[in-house]
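Have a look below at one chain only, the form predicted alone, in structure tokens format.
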Amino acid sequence: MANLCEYNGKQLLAKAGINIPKGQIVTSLDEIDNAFRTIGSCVLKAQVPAGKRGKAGGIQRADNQGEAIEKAKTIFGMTIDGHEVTQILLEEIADIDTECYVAITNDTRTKGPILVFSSMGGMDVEEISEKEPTQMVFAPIPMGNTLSNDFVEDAIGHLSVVSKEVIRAIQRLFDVYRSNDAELVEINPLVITGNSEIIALDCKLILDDSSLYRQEHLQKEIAPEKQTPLEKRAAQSGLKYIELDGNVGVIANGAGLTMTTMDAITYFGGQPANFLEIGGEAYTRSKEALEILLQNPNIKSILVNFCGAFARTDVMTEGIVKAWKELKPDIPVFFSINGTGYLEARAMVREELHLEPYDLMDEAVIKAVEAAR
């Protein structure tokens, strides 16, 4: 997933015609004075792609310049959900009469977009919605380029906060969702002021990372991912690696096969320690993949699952075998190898590591799960 911070997401909302508060990004204490003179009494908001910023102390109000500087001192360098704060948004204080929640996201059931709307938004929207479920609407959106007035009115017309302005804001939010290949666009809260003006007070926007080639103008705006040291090293090596909480290490080729392998580990009572795939152009990097995996102290066994097509299993296996003989790890390893080059690959494992590869993936998974226990 590709996350945008609040400020960048709000720029897309404003471009679509949704009102946002006046605000300014600062990256140092030296910039606070000038920003405060422009905005006045404001809210300082940590710009990290994480929720619960308010509860973490990352959102604070300041009524004068001195107070703004002192508040910024506490926010800069703060870590929220693993993200260090290097940018703060100073934003004017809104005249809040009513807070709503609105989001458009992907619906796994219908395989299309869904509108989520609540007449009660704010910091604890999840808890509020549980207490007042009648105020929360989930409406699958029919495929198309726009949201009709009839659809929105049918979905949320029974709620007291609905107005032409609210409906228009939802329609424009859908435009943001479609035009930017978003997986989620969320405004919480969507504020109705005392003058019935609609303002997006916050924005969460997640892009579909598989479509980023169509969104070149947004690539520089994507917030850095929260990564462990091993995940950073893997990324630098061109490998897709995600650390998990389990103890069965996984190396496979292709995202689909890797996910299937992880599911099989779980099915047979184990816990995968990672996602690590060396498919595509990375199929020659199996040595680097093994070196990264072996640095995870939680791993008690390793499962290597290769199924070759474009990626030759003998090339991938050769890297694993060479690395294994060089590093000499004291950990059990289990192989399942099929597809292009599998006869040569299996022979290599037998001759060099004196291990017998398994014909079926399930057999290798079961053994790896048992060894990890």
Partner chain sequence: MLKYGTSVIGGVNPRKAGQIHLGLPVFASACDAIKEVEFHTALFFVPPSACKQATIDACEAGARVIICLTEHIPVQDVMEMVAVARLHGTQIIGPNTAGMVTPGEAFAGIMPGFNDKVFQEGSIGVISRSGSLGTLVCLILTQSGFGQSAFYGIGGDPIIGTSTREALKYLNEDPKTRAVVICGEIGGSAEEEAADYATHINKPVVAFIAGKSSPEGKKMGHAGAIVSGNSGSYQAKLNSLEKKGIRVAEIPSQIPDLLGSYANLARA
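Take the two forms, superpose them, and find the largest set of C-alpha atoms that agree within 1.5 Å; that set is the rigid core. Model, not experiment: these values are computed from the prediction. Numbering follows the first chain given and starts at 1.
Form predicted in complex with the partner chain: not shown, discussed below.
Using a 4.5 angstroms limit between non-hydrogen atoms, S118 is distant from the partner chain in the model of the complex. Among residues of the shown chain, A235 is not one whose heavy atoms approach the partner chain to within 4.5 Å in the model of the complex. Residue contact with the partner chain in the model of the complex: N338 places a heavy atom within 4.5 Å of it. Although the partner is absent here, Y177 lies within 4.5 Å of the partner chain in the model of the complex, judged by heavy atoms. Between 82-90, 290-298, 148-156, 97-105, the stretch whose residues reach within 4.5 angstroms of the partner chain in the model of the complex through a non-hydrogen atom is 97-105. With the partner omitted here, the residue from K111, K73, K220, K131 that has a non-hydrogen atom within 4.5 angstroms of the partner chain in the model of the complex is K111. In terms of contact with the partner chain in the model of the complex, the residue from I199, L239, I206, I167 that brings a heavy atom within 4.5 Å is I206. Residues T228, G249 and A323 are none of them found to lie within 4.5 Å of the partner chain in the model of the complex, as judged by heavy atom distances. Scanning 249-267 for heavy atoms within 4.5 Å of the partner chain in the model of the complex gives N253, G254, G256, L257, M259, T260, M262, D263, A264, T266, Y267 in sequence order. With the core held fixed between the shown form and the other one, G341 has its Cα displaced by at least 2 Å. T86 shows a C-alpha shift below 2 Å between the shown form and the other one [criterion: core-superposed Cα displacement of 2 Å]. Core-superposed comparison between the shown form and the other one: the C-alpha position of D181 differs by less than 2 Å.
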